[in-house]
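Read the single chain below, which is given as C-alpha cells and is the form predicted on its own.
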Amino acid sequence: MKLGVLFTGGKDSTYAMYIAKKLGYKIACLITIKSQNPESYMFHTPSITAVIKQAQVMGLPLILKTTAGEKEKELKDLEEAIKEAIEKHKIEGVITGAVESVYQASRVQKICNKLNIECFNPLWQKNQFELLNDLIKNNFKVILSGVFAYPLNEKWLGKVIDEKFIEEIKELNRKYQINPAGEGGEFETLVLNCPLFKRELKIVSKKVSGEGNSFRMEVELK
C-alpha cells in the first residue's frame, strides 16, 4: 500500500514513518502544512520549513502547503493537500504521528473517511517513555525546537533526546505533570538524523524568540 506521511519534521511523524516502512508500506510522499498561526490547534509550527531539507535527505517528494491557521478552516487546507497527494502520488492512505491527541487524530480520520483512504496511526496510545527510549535505540537524533510549559525555558532549546533527557523529563513529569513526549503541547521537536536519512543534517543558523516559559527556535539546516 502506498502511503503519504503527515510530516512535521518532529519525532512522532518521523518515527511513525519509520515503523510503517519496517512493516512493508511504501512511502510515496510527505505532506506538510505550514501554519501562519503559531498557536495552531492542529499543526506543529517551530522550524517547520526544515521539512524541505529533511525531504531531500530522505529522497521523498514533499507537498508543502500554507494555511492561515484558523481553527477548523485549517482542516480544509489539510484536506486539499491530501487530495493533491492522492492525485499526484496515488496514495491509498496517510500515516500520522498521533500518540494521544484525540482532537488531531479524529479530524484526520474524518478527512480520510471522506476521501475513502486509510489512516494509519502506528504510535497511538504508545507508552511515552517507551517511545522516547525507542527513538534512542533506533538511532534517532532529535532536538527540542520549542518549549511551552513551566518550568521549561530557553535553555531547553536544542537539547538532544537522550538518556539524560529521559531522566530529566521523568522528574518534571513527577513534579509538574509535564507530558514525557510533549503530548500536552509542552515541547516540540526536530529530527536531525535517523535511519531514514542519507546523512545527518546540521544546523547552520538559528533564531530564538519568546519569553518566560514559551520559546521557539527557527533553524536553517544543511
Partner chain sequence: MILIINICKEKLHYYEFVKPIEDIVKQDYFTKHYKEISQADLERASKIIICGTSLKDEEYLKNLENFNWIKDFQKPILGICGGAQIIGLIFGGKLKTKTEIGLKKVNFQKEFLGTIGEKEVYELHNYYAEFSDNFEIFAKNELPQATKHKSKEVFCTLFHPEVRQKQIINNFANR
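Here the structure is a predicted model, which is why all the values come from computation and not from measurement. Numbering follows the first chain given and starts at 1.
In what follows, reference is made to the form predicted together with its partner chain, a form of this protein that is not presented.
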Using a 4.5 Å heavy atom cut-off, state whether residue 113 contacts its partner chain in the predicted complex. yes
Evaluate residue 77 for contact with its partner chain in the predicted complex, applying a 4.5 angstroms cut-off between non-hydrogen atoms, and reply yes or no. no
At 4.5 Å between heavy atoms, is residue 23 in contact with its partner chain in the predicted complex? yes
Please determine whether residue 120 contacts its partner chain in the predicted complex, using a 4.5 Å cut-off between heavy atoms. yes
Have a look at 67-75, 102-110, 82-90, 145-153 and name the one stretch with heavy atoms inside 4.5 Å of its partner chain in the predicted complex. 102-110
Taking 3, 19 and 130 together, does each of them reach its partner chain in the predicted complex with some heavy atom inside 4.5 Å? yes
